[in-house]
Structures are given as C-alpha cells and as structure tokens.
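Quick setup: one chain, the form predicted on its own, written in structure tokens, and binding and motion questions come after.
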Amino acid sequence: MRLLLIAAIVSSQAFAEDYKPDAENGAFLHGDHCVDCHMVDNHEALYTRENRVVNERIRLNGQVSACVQVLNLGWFPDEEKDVSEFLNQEYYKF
C-alpha cells in the first residue's frame, strides 16, 4: 500500500511538470485582472521600461505569483503559468 502511494505521488508530479502554458488564456487573465490593478494607461510601458524589476524568467514567474497572492485572485498554478507565458511572449522574450 505504501509503495502504491509513493508511485501515485511520483506519477502526479511528473504529470504536473508536463503542463504546457496557454498564452491565449494568459492574455485573457491578464486583460481581466492585471491591467486594471496596475492602473496605468499604457501597461506595455510598465513591462518594457528600462528600470523594470523583472529581468529574467524566474523573476517573472515569481512576480506573477506574488500578484496573485497579494490580490487573493485564487488562480491555479497553471493559470499563473499561463499569464507568465503570455507576458514573456508579448513583452519580455526571455
């Protein structure tokens, strides 16, 4: 029984790592939540400014996750990955 439980945990972790982020869903979530919260007319300037905080992919993922936590959006980890993927494809290009 214990071996079966361990196998189930390991296989579920492997499955979770196979998720391919959906940039289209990320664009929808970004438009629905992120733009309003940043309250800027040109949100593109926020992501592309010279002194931006995000300068590598891991920081982008962390920033998206931090915003989700602070705003209590209740997104699933895959939704965070979707938004991160959208932002990377659209602005950062890491």
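As the structure is a prediction and not an experimental result, all values here were calculated from the model. One-based numbering along the sequence shown.
Another form, the form predicted in complex with a small molecule, is not on view; read the next lines as being about it.
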Can Cys67 be called a contact residue for the small molecule in the predicted complex at 4.5 Å between heavy atoms?
yes
is_contact(Ala23, the small molecule) in the predicted complex, heavy atom dist at most 4.5 Å
no
Is Arg52 part of the interface with the small molecule in the predicted complex - any heavy atom within 4.5 Å?
yes
Quick check on Leu46: any heavy atom within 4.5 Å of the small molecule in the predicted complex?
yes
